[in-house]
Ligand SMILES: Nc1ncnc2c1ncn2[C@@H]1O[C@H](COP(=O)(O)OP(=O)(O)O)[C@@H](O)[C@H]1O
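Coming up is one lone chain in structure tokens, specifically the form predicted alone.
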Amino acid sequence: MSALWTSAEAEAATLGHSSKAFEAIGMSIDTRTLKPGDLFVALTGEARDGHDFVKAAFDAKASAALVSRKLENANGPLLTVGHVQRGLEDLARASRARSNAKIVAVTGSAGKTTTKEMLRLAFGALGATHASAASYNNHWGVPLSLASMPRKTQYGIFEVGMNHFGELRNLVSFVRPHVALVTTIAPAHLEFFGNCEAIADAKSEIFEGLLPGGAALIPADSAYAPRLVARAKQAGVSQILSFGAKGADAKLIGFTETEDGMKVQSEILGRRVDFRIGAPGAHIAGNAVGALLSVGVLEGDVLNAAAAFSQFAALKGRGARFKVKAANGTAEVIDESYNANPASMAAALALLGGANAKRRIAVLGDMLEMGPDGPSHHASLARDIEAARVDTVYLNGPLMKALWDKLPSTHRGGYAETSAENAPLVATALQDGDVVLVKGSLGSRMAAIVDALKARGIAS
């Protein structure tokens, strides 16, 4: 395997000093997942100092460690720099500068990671593709993903996120994409922004990093599409395209849910493209169309890219489905436990509403960072619950109390302060034919509910 970084290249990029020559074939910030040959990056966070794990990294056969201070008894090459975060960013910029890959950056209030995985599949059908791992979209995740990009990458897919103004502007300056895609604008991080117009402005910072001639892709059915267009124009973007609604450059004509996902009908830049995708939901179909528009803009083979969507499956915590044992049979679980805001809650409840079930059960945790209007945002979910024909609702968290108070008694399954308290209530209530949606912000720890349901036993 060819080297990702030689010590000489890393020294030149970071202005650091290597104690010994090395060749790294990958990058890691975590000794638990480090692979032999990785360059270990000793980042310092609020709770941990990566320098304390350098010995463990070498025990796991790291090729070298990126550090900012001298370490005694280090049993491998040390690349010493002034500051580890800056050193990582230097490697990211050097990686981007040497690459001839076509680059797509994706952001949005919801659906970033799922759309990034669709883009990985779509472009992966066309050539060597590198994409951000997991949800690596923050101040260290983006540079780590860029610094990890192999030399021969043809297509690079990077997820970028933020919860304050200026953060996305900084991150996209590393990525310098040819295409910038915004999935949606919704009430998320309202605690920091105050309103959705401000969120749209913050997300539109992605357009400022576009290369000359690059394309901004905007969700046509968003109420904030005109604002995004205006911000793209302010950034000097020459190509502004839309996806989703009728009249868009990439149209979602329709979709039909199947046992293994959906059949989707679309039109991409005037060309009819029908495809299958291995997950259901209108939001999935819309973002898939946006991903195909990215392919079309970069003059890729849209039909082959669309065919790759048959391999897509909903991600853990983001719509993954599984069956568990229940009283007298089995129940299906929709795991949306990773995160939540009002828009993604509405989409997930609509997905539950479309399920073929004897009972539809929603298990919901607090949506965090909603600001002073948090209780009203939670209470308003009653409309989505009614529209989805949900039979029983279990809620946990202080903010969800506002929704609990608004629900009719016929819909109330149980309320608790925490997911740990709610978990046994939900697990013991399951009956044959139930479909259960589990969703909430990451801080609501809804994975505890998912784990309790799995503990009943996975059913085939």
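The first residue of the shown sequence is 1; numbering continues from there. Just so you know, these numbers come straight off a predicted model, no measurement behind them.
Although not depicted, the form predicted in complex with the named molecule is the subject of the following passage.
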| item | value |
| --- | --- |
| Any non-hydrogen atom of residue 366 within 4.5 angstroms of the named molecule in the predicted bound form | no |
| Partner contact for residue 344 in the predicted bound form: the named molecule, 4.5 angstroms, heavy atom | yes |
| Partner contact for residue 317 in the predicted bound form: the named molecule, 4.5 angstroms, heavy atom | yes |
| The named molecule contact at residue 224 in the predicted bound form, heavy atom, 4.5 Å | no |
| In the predicted bound form, the one of 148, 113, 80, 330 near the named molecule [non-hydrogen atom within 4.5 angstroms] | 113 |
| Interface residue in the predicted bound form among 95, 184, 204, 266, criterion: non-hydrogen atom within 4.5 angstroms of the named molecule | 184 |
| Heavy atom of each of 5, 89 and 132 within 4.5 Å of the named molecule in the predicted bound form | no |
| Partner-proximal stretch of 271-279, 331-339, 256-264, 150-158 relative to the named molecule in the predicted bound form, 4.5 angstroms, heavy atom | 331-339 |
